[in-house]
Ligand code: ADP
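Heads up, the chain below is alone and in the form predicted on its own; it's given as structure tokens.
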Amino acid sequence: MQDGLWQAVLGEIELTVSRGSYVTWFKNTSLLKNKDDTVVIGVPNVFIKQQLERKFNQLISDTLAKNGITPTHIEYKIHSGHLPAKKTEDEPVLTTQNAPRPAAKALTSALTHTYRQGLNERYTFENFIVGSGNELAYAACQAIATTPGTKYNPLFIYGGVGIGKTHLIQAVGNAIMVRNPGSRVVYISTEQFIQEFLDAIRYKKNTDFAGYYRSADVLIIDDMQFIAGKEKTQEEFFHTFNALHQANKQVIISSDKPPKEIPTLEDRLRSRFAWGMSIDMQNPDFETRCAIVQTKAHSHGATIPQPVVEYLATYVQTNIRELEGALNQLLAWCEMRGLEPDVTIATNLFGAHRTRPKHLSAKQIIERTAKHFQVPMEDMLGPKRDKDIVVPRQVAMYILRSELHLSFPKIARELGRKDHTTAIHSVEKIEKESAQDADIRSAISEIKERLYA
């Protein structure tokens, strides 16, 4: 039971921290004791012990509490009987063998490698759920996987937290490795790139650092927003980018914001990011979230009733990591108690929450849209074509199409239009604008939130 509990805790933590942090600090831990209000966690060495105590103790405590364990004391114990998993090139593991002595020289040779996390083989195109918010990014990534370096170079994908950017860009790398095992694919987070660069300066290994990245066939770098304000790192990345691009090597970048919105980003980098293709990945819609829950449940060997799937997809509406975390928590809770998941259990576990309306009507959507934009209903349905009326009307048409899947003639009739081509034009226009205009995207999101509140 202890193993099952700790695996549930690790499953949630893996969704919370970066892949590198999880592999380095959590992967090789175990639960040694859960008794008398004390939890003892086994760790392979003193380095991991110190890191968990100083940086991750609260995260572990909170995650234990989510799984019904609320100890008054958490202890980390070096456990020699727990052997770390075999070290691979992509998943470095800190062990006492890496540093048998406290001498700095013994550490320097492994420092750069320690920060590299490599591709996660679980991130593939096959298990990536495609929806309206990510289909363009998905298509671009598939094209790159087929012929890297020839189109969409660089590819810059941006969007909110936890919507699948990391999964998608790593899926490209994994697909390229399958097609051409000899390719040199390098994946790293910007945070790790910065740390390696600082270490290279400190230990005078600049040449090794530059050579490692500039000899890549494909460079995939995550969370580019963290390069903001790092002038020296930006300069180094600028030269790395130039070397790769001029050699027709593929560069793939992700960020939580577009290049123009990354503060203190050098103009020369911003312009180079615009050379290829920039794509805005949007939050998954309801149907996509349902598909994600079903797919993740299937990967756990579990079958979730449709009402529970819909409850979870409504409970978490923007962050896929949180959605997976909620599913893992529900499955772990039911497994430990020998129960089958149902809506009652999910509601008790996560608290009473809104559920998707079973009979959402066209009138409700139009009224809510009109209220959001502060436009009278008679103007929404009337002949006026002022911009402050036309845009809300077009947004209403778009939501009628995306949420109720009404036909274009039906949409036109609901808004008092005679010609259904008006509805077609409106839906296409809002689809394009929502990909580029944050205000339109925010309005649509808020209207949906209100409809499902």
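Just so you know, these numbers come straight off a predicted model, no measurement behind them. One-based numbering along the sequence shown.
Note that the form predicted together with the named molecule isn't included here; everything after this is about it.
Chemist: Can you tell me whether G160 touches the named molecule? I mean in the model of the complex, with a 4.5 angstroms heavy atom cut-off.
Modeler: It does: once the named molecule is placed as it appears in the model of the complex, G160 has a heavy atom within 4.5 Å of it.
Chemist: Even though the named molecule is not shown here, does F350 get within 4.5 Å of it in the model of the complex, heavy atoms only?
Modeler: Heavy-atom contact with the named molecule at 4.5 Å: absent for F350.
Chemist: Please tell me whether any heavy atom belonging to T166 falls inside 4.5 Å of a heavy atom of the named molecule, as the geometry stands in the model of the complex.
Modeler: So T166 counts as contacting the named molecule.
Chemist: Answer for N134 alone: is it within 4.5 Å of the named molecule in the model of the complex, judged on heavy atom distances?
Modeler: Heavy-atom contact with the named molecule at 4.5 Å: present for N134.
Chemist: Would you kindly say which of A216, L330, I365, I292 lies with a heavy atom within 4.5 Å of the named molecule in the model of the complex?
Modeler: Answer to the contact question: I292.
Chemist: Could you tell me which one of C141, V309, I129, I194 places a heavy atom within 4.5 Å of the named molecule in the model of the complex?
Modeler: Checking each option against the named molecule in the model of the complex, the one that comes within 4.5 Å is I129.
Chemist: At 4.5 Å between heavy atoms, only one of the stretches 177-185, 269-277, 337-345, 319-327 reaches the named molecule in the model of the complex; which one is it?
Modeler: Stretch with heavy atoms near the partner: 319-327.
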